[in-house]
Structures are given as structure tokens and as C-alpha cells.
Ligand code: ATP
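In C-alpha cells, one chain follows: the form predicted on its own.
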């Protein structure tokens, strides 16, 4: 069996699979076959070391990864379906829930406790906030739940929260009290949220060491995937279980640690040797995904980071084509170039059969979607909605649609109480009744409601203001004011923009509105525009194979994926690296931005494009940009420059003349 398990493995992979007892760290570079190694190590422990399938705990970060691992193990070890289901393979939360159900009574719960989803959590915290008469424009229920979850990921309970955890100390007492009430309500209703699953596991083990000891002795080996993404509580959970025998094998890549914003701690992997003495480190550096030039570029880039373990990816495959750096005139130029290159590549039988466009921020996809649609190139979104399907974009377009056509009842219903203006279901029902009786639109029915004062004074005033706002916008459109300017007035005067500014991910949503405004500035035919929005959003062929579509994705959502052809767009200061890392002069943040770029580059198998623009339309005007500092960190000999020539003297400097300009015809 050993020979079979070790088939087609390179020497470091074989070493990782057959590593014996004690702490083991497998530093697995991008595309180095870590999934194969992890699965075969599990099978090797069972078949060659004589461990029972139930004496191994394997922790993954997604349920999908856990399912795939179970299926593969069942094939290697020939387990029946019932035995496969009983394997201790799953996510941190799944494994914690399983342990808690076996011991819930020890910490005051019953074993049929309910695990709340995000919507249930928000409903509970909203009810508690109302009971305490706590209403805050910033501390919305969603933000409260997100914050509480982050505290739990960091191992903090209500008793640990102090004024230092708040930007505005006056918020401390009320929110700390609300956190305490929330935890009490969870216990009272026999419920836990996701953060509780690990926190309560640790609490169980601290209060009942004999329970912990039972699991420690039961699991003779522990394996953890994606170790670089673990947070504080997950680290403590693993350490507690492995403290008896020290047989902890972690698989990760410090160069792909990109989730600090959700609690992941890079130090967990950097300090592993210190935390677990006599650690055996095995580096998987042979890459089976990308060409030599792609790996050379990515390795040169990541070498500029100080906080890393150190490894160099290599391949015995061909160097492949040079990395293309395209310097665009503006965002539209960049999008058209990308769409043309994709169309040319997909049309060539010898070219890549699938492509991906990776962006740092979701708002970047709008102009790219437009270019792909114009070229009739099918695409799918990863890690988010299509630009025109995002809630804030739909809301904004509904305002514009109603101004464009006062008889658009669907748009009227969407925005009549967005943002809140005391026009709820009862008021809308009155307007609908009048409109139905008069056989007219909701807008004109609402005008009669105001004229005849059919609602109370508190409701009539905001309704009248809303109707006046729409009529003013309609008049502006009739007078030839650009749709972008009209939209800007609507978003400001309605209060919608102010509402977004205090919403969760508000900055990103406002950036999306600015992108829509920029797009509409160039639009003269609103009827044609709205028609294109509808048709472009229609899935023409849901059954189309993914390999026939272009993937549009954020860099974060693309981790773990691979594509023959990759475009990493918007490589400019302020986008990549992100402006927050630059503004704060945060070296830690800049290193994470560099890791994010490295992740994007190593998604490419055959050909990689890096693009940036001379100007970006931002804040209602074309703004000059500077190429990303990361471009300067790439070896010139493997780069092919297209578009505007970039001055090498400045590195992140000016543009001079055209070079290899493409045609849009």
C-alpha cells in the first residue's frame, strides 16, 4: 500500500506524507499539490501506521474541502458510507459543534442546541437593542454582530471588553451591556452563534480537563489545512488538543495569508517552530500549475516581504510567454484591451480555454462587465454580485428610472421608503388603492394622496418631499442634464448617500455609486441604457460550462483557484496596494497587499497580464494615477510592455507615447 500511496509524488511530497510523530509544518507553495499530500498523509497514517480512522482529526476551512477529503479517504482506505460519515474530518466549527453536542450539559446547554445564522443573530440583537432603547446610526444590528464575532474570534467575552476597544469610548458601556445581554439570551434560548462554538469548546475543556484529556488521547494525530488563515481562538483550540502528544501537522503558506481583516493571524505560522519545539519543516516548492516566467515574477515580488518563512517556487516546465504589462490610457481603454485579448485568446484553438479577470475592489468590475458584454463574451462573478445586481446600484437606478418614467411602479415601490421616510406598508397600500381607483401610476396616485391629505401630517410631508425630488429630477433630464449629474442630485438630496456612509461596507458601496455616476456621465440614451442593463443581466444560458465563461473575481475570492489566462487589472497606487495601507504608512498592511498580489499572479497557469491606467474616473473627474510599486519589483527581462511606454527611470512614474496600441475595431 505504501508504494501505491507514494506514486507520482516528488521527494518533499513523499517526506510530508510519511513524516512520523511530532510537530510537522508543511510549507506548501501555490500549486505545489498540498491537497494531494494532505489526503495521502491521512491515508498513510491509517494504512501504514495502523491508526484507526477515528484516531485522526483533520480540520479544513470549508465544508466542500472536508467532503472531498472524506471521499478521497474512503477510496484509499475502502470505508463504507457509514464509516466515512463518522470520520473526524470537517471545519473548526463543525468539529466543535460535534464535541459540544456530546458534552453540552457540562456547560449548561442541552445537546439539541440551535446554531444561529447571521439573520437570526441580527434579529436577536435588534430585539435586545429595542428593549434597551439603544438606537445608533453607526452601531446597527449587523455591525454589532460583526463586531461581536470578531471579538469572539480573538477570544474576548463581554467581561474582556473595555473602553480601549472603541474609537469613541462613550459607546463602551452600552455595547458591553448589550453583548452581555446577547450572551445571556443565547444561553436562555439554548442557542449558540458560530463564534460560540469554539469559545464554548475551550470553556468546556478548561472547566473539565478530563473531557479535554479524553479527546487528546483519542486523537493520536491532528492535521490542519490552510494554517495561515487561523485566528487566535482556532490556534488555542488546536494547541489544547495537541498538547498531550504533539502530533500536530499543519499545512499552509505564509505567502498566501490575506485574511487579517477577518481575524487571521500570520504569527500563527511564523511562530509555529517556537510554539512547538523540534518542529520538522518540509517545503513544497515545485509548482505544477504555472510557467517559469509567472513563477519568477511572483517569487521576485514576494521576496520583498520581510515577514515570511522563505521558499522559492520552481517548475521543470517551460518558461512560457513573457508577462504582459499593459499601460492603459484610462479605465475604458484598459477594459477594452482586456476584452479584446480574451476574445482573441478564446477564439484561438491553441490558446487558453478559460480566462479570469481579478480586481482588488468590487467596484472595478463595472467597466469590465460593460466591455465583456459589448464583445458578447459570457462571464460569471465569483465572490459577489454582478455590478448592476448590487443592492445600492439597483436602488440608485430605481431613482433614475422613476425620474425617467413617472409610471415606473416597480421603481416607485423599491425606493418609496429607501432611505426610511416613514412611508411603510400602510402608506404604500393607501397609494396603491388610490392609483388603482384612478387607473393611474403609483406616482400620480401618491400626488392625489398628498393633495387630499389622505395620510397623517407626519407621513404626508416626507411623501411630498419625495415626489418633488423626483419631479425636479425628471425636469432636469428633460432639460438635457446628464444622467450622471441627475443621479448625483438624487442620491444627495434623498439622503441615500448619507445612509450608505454609515452602513456596513459603506465606503465600498459609495465607490460603486461613484463608478455608476462616471458611467452615466457618458450616457445620452437612457432608454437604451436601461434596456442593456436588463438584457445584460439575463442569464442567456445557465447551463453553459464554466470553462466557456470568463471569471470576474476579487483577489480574495480567487484564492485556491487557477486559470490558464489571468488579467490582474488596476495595478495602481491606491488600488493595489489599497489606499488604506498607503495612508496609514502600514508596512504590515503593505506586506499583506503584496501577498494578495502574489496570490493573484499565481492563479495563472499559462499567461499573465498586469494592467494599470494613466487616468481613472473617480470623484466625478478623471484623476491621474501612479503605477503600483509592485510593478517595479518585477524582473524587467521577463516583462513585455504594451500601451503607453512607462519610464523605467521613475519606476512608478510617467507615460510617454504609444507602443503596440490595439485597435477596437
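Being a predicted model, the structure only gives us computed values, none of them experimental. Numbering follows the first chain given and starts at 1.
If you look for the form predicted together with this ligand, you will not find it shown, but the lines that follow are about it.
Of these, 34-42, 633-641, 50-58, 608-616, which stretch puts a heavy atom within 4.5 angstroms of this ligand in the predicted bound form?
Answer to the contact question: 34-42.
Of these, 256, 234, 268, 291, which has a heavy atom no more than 4.5 Å from this ligand in the predicted bound form?
By the 4.5 Å criterion, the partner-contacting residue is 256.
Within 4.5 Å of this ligand in the predicted bound form, heavy atoms considered, which of 46, 30, 69, 596?
Flagged contact: 30.
With the partner left out of view, is residue 592 within 4.5 angstroms of this ligand in the predicted bound form by any non-hydrogen atom?
Judged by the heavy-atom cut-off of 4.5 Å, residue 592 is well away from this ligand in the predicted bound form.
Any chance residue 226 has a heavy atom within 4.5 Å of this ligand in the predicted bound form?
Yes, residue 226 lies within 4.5 Å of this ligand in the predicted bound form.
Just checking whether residue 19 would be counted as a contact of this ligand in the predicted bound form - the rule being heavy atoms within 4.5 angstroms.
No.
Against this ligand in the predicted bound form, would residue 560 count as a contact residue? Criterion: heavy atoms within 4.5 Å.
Yes, residue 560 lies within 4.5 Å of this ligand in the predicted bound form.
May I ask whether 10, 13 and 603 all come within 4.5 angstroms of this ligand in the predicted bound form, judged by heavy atoms?
Yes, because 10, 13 and 603 each have a heavy atom that approaches this ligand to within 4.5 Å in the predicted bound form.
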